[in-house]
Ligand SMILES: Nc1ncnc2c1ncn2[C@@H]1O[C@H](COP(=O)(O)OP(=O)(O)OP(=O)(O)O)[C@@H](O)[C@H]1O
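Below, in structure tokens: the form predicted on its own, a single chain.
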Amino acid sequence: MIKFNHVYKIYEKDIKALDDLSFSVEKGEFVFLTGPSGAGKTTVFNLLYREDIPDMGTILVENSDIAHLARSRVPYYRRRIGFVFQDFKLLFDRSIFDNIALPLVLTSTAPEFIYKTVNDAIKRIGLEGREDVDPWHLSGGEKQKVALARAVILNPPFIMADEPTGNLDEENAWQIMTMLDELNRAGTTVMVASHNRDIVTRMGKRVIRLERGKAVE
């Protein structure tokens, strides 16, 4: 499903964020991307989300080289990716319902379908009855659950989660990882960037470890 072929990404002052990086992730896999700060994890995610393009090499997603994807096609490509951010990226002036519904609204989905789908999602994350609450009144774990529900509301085949447990206590961290594992068991490809060695070890999933822009494990 995803294949990095000899990818380089070089920033100013000749800093190699990625240095001849090659790896692949098969459809339906659950993969952890690990490594110290500055190893290249965020760069990998930025490239996959088409926030950036490589200086050399190819990145294939479902056999399409996304580096050469026309700008007009990028929004459609992103609809097939659920992105979970460490800092949630919620809209704090909107309700839980509106935050989760946003991707459906942007794709001109019928209001009746939005109402049912979003309320079902709210029930699954355990926030039923709080649909009209705004994110200011949520705990960190609740915010991340809302962010995850929003990321998967379009049923994307691929989820990327960038340090999704970084700001959470142990209980909430495991709840988020359990939700991601359930999505993976249902067939979704999941890729998680994480510094949390305990979670990575206990989950028992495949690990790609980066150091200085290279895959070392």
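Numbering starts at 1 and follows the sequence shown. Here the structure is a predicted model, which means the values were calculated and not measured.
Another form exists, predicted together with this ligand; not displayed. Remarks below refer to it.
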Counting any heavy atom within 4.5 Å as contact, can you tell me which stretch out of 148 to 156, 34 to 42, 181 to 189, 61 to 69 lines this ligand in the model of the complex? 34 to 42
Ile208, heavy atom within 4.5 angstroms of this ligand in the model of the complex: no
Given that this ligand is not shown alongside this chain, does Glu12 nevertheless sit within 4.5 Å of it in the model of the complex, heavy atom to heavy atom? yes
Decide whether Ala17 counts as a contact residue for this ligand in the model of the complex under a heavy atom distance cut-off of 4.5 Å. yes
Give a yes/no on whether Thr117 approaches this ligand to within 4.5 Å in the model of the complex, heavy atoms considered. no
Stretch 81 to 96: residues contacting this ligand in the model of the complex, 4.5 Å heavy atom cut-off: Gln86
